[in-house]
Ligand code: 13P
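Heads up, the chain below is alone and in the form predicted on its own; it's given as structure tokens.
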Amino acid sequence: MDLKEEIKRLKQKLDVTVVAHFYQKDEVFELADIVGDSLELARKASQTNSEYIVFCGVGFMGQSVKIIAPEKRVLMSKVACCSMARMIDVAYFDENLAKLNSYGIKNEDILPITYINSSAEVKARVGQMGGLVCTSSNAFKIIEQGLKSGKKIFFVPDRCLGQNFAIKMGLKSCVLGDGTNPNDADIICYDGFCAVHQLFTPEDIDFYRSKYPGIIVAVHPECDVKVVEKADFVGSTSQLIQYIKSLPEDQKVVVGTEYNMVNRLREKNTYILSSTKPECPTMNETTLQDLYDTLKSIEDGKPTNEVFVSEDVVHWAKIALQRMFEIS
């Protein structure tokens, strides 16, 4: 059986839209109807007329579609989870609030902001506290607006994103639990991170600069602070794609983000900022077989891996997202 042809047949037959994140394998990515980064996918998927959305990505992304459009039936082609999103749940969130309380910082003096890479439950908890969601492309604007509240920003779950934007804005930041007093910080960061973006080091940048004089270094803000400080360009997934594709063909560029995306950008003069292959393990769990099996389950009337989010969680998580949309 030719899986690709069977997938195409099922897509034509069924009332379904297949969406895939930029980090997916080429063979899966090429069969998607919509491609993009996490929030972009959720918004575009929610606007389709299809009854079913088959999501090739990780769990929080499928949840985002359900939050924006609860009436959609969302199926994950593979039950995979972002490691960063798994680093925080509501219990850990509340434990960290208690730590802040122990420093004399009251909940009413805290404005939580959660990165899109978090569960629906964490987004809902943030929404209940008057907080909001951000992405790597709009975090600057969201934090800037949040500071007008006069409250301390509690940024979850990615410490690197929080620290990098604090530096960019000339603000003080700390990582909760690193021994510093959070009272002295404008942005208090939860101690989470992206395992893939932690692979890139300042030494990698030094290596490429010495080997290719004039090379441009472009990285994602999920990278470590010391890497971001040395880079020529820092941007979200979509911003990196736009920037790199705009470069002259003869301009060498080395990129610090996930391998599959970088590998599709340009045929020439594009390098990976790592001595190892920075491939997201959970994003790469999805196979053609998984996509086929999910579509076949719809055809058989027994949909598998469907995403469900409770009404209460949808309500508060949607409020957190709407606050972001109003600003950005």
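Owing to the predicted nature of the structure, the values given are computational and were not obtained by experimental measurement. From 1 onward, residues are counted along the sequence shown.
Heads up, the form predicted in complex with 1,3-dihydroxyacetonephosphate (13P) isn't pictured, but that's what we're talking about next.
Exactly one listed residue, out of 77, 117, 164, 173, brings a non-hydrogen atom to within 4.5 Å of 1,3-dihydroxyacetonephosphate (13P) in the predicted bound form: 117. Note on the partner interface in the predicted bound form: the residue among 63, 38, 286, 294 having a heavy atom within 4.5 angstroms of 1,3-dihydroxyacetonephosphate (13P) is 38. Only one segment in the set 20-28, 301-309, 316-324, 7-15 has residues whose heavy atoms sit within 4.5 Å of 1,3-dihydroxyacetonephosphate (13P) in the predicted bound form; it is 20-28. Although the partner is absent here, residue 145 is not a contact residue: none of its heavy atoms lies within 4.5 angstroms of 1,3-dihydroxyacetonephosphate (13P) in the predicted bound form.
1,3-dihydroxyacetonephosphate (13P) in the predicted bound form is approached by residue 236, whose closest heavy atom lies within 4.5 angstroms of it. Although the partner is absent here, residue 197 lies within 4.5 Å of 1,3-dihydroxyacetonephosphate (13P) in the predicted bound form, judged by heavy atoms. Proximity of residue 220 to 1,3-dihydroxyacetonephosphate (13P) in the predicted bound form falls within the 4.5 Å heavy atom cutoff. Taking a 4.5 Å heavy atom cutoff to 1,3-dihydroxyacetonephosphate (13P) in the predicted bound form, the one contacting residue in 127-154 is 136.
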